[in-house]
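Just one chain is shown here, as structure tokens, and it is the form predicted alone.
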């Protein structure tokens, strides 16, 4: 029964889908030049070389972490309280809402050029790009959480004599915790995207430098290996945040 159970766990939709995708990819790569579509073993080999044998991807990731961490931290530190304030106070939303929506729909690659004009080529425009890339998503998600606070909870708090500040801190903010965690997950993914975009547009360093170099040399296997590295990194970080979400909001798992 133990072996049968393990076999059943393997035959799941994600495993089947991945198997079919890799099989189809392998078939399509037959007879194709390496610079057009390398085979799965070629990409896997380059992935191993870049991560284990040579470690170039880890070095590039280290160079990219400064913009990702600083820009992401600023987006979280500003976006969470601003989003909750906008969701609980119409006046704050009326003042800040148009700017948040404008940045949300603006093409970040075009804004990055303006950041270069303002800050020069260095770390600052990369931080600004990451911030603009993920802050609007964090703000709008937290706004939603604050706005969906049940009216009855607010009214009960006021009946018991809670001030406006107490209602905000002890009712609206706790209700927004699941949305804050969700905003963090969404912001993390966009921070990774913004970091790579900034390095491609602003200053060719880190992961952006590797992607640009592989593309210019038509090294498609290395290019795909780097993209898979980013996908795996994002998935691992998201999984960690999901576990954190379960820890801080256990009641949501019972629903």
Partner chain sequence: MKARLASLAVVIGVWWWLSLGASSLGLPGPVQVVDALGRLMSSGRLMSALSVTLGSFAAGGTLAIVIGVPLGIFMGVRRSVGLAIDPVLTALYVMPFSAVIPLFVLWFGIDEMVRLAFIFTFTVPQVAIVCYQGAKSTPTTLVEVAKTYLATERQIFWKVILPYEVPFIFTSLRLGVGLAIQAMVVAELLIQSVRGLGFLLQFASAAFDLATVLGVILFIMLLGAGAVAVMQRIETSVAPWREGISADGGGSNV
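Numbering follows the first chain given and starts at 1. Just so you know, these numbers come straight off a predicted model, no measurement behind them.
The same protein has a further form, the form predicted together with its partner chain, not shown here; the description that follows concerns it.
Visitor: Using a 4.5 Å cut on heavy atoms, which of 44, 70, 186, 63 is close to its partner chain in the predicted complex?
Guide: Filtering the options by heavy-atom distance leaves 186.
Visitor: Tell me, out of 26, 48, 58, 35, which residue has a non-hydrogen atom within 4.5 angstroms of its partner chain in the predicted complex.
Guide: None of the others qualify; the residue that does is 35.
Visitor: In the predicted complex, which of 161 to 169, 75 to 83, 120 to 128, 106 to 114 comes within 4.5 Å of its partner chain (heavy atoms)?
Guide: Contact criterion met by 106 to 114 only.
Visitor: Answer with yes or no whether residue 21 is in contact with its partner chain in the predicted complex, where contact means some heavy atom within 4.5 Å.
Guide: Contact check for residue 21: yes, within 4.5 Å of its partner chain in the predicted complex.
Visitor: Would residue 137 sit within 4.5 Å of its partner chain in the predicted complex, counting heavy atoms only?
Guide: Yes.
Visitor: Considering non-hydrogen atoms and a 4.5 Å limit, does its partner chain approach residue 94 in the predicted complex?
Guide: Flag for residue 94 set to yes.
Visitor: Find out whether any non-hydrogen atom of residue 247 is located within 4.5 angstroms of its partner chain in the predicted complex, and reply yes or no.
Guide: No, residue 247 sits far enough from its partner chain in the predicted complex that none of its heavy atoms falls within 4.5 Å.
Visitor: Only counting heavy atoms and a 4.5 Å limit, does any residue of 210 to 244 reach its partner chain in the predicted complex, and if so which ones?
Guide: Contacts from 210 to 244: 211, 215, 218, 220, 223, 224, 227, 230, 231, 234, 235, 238.
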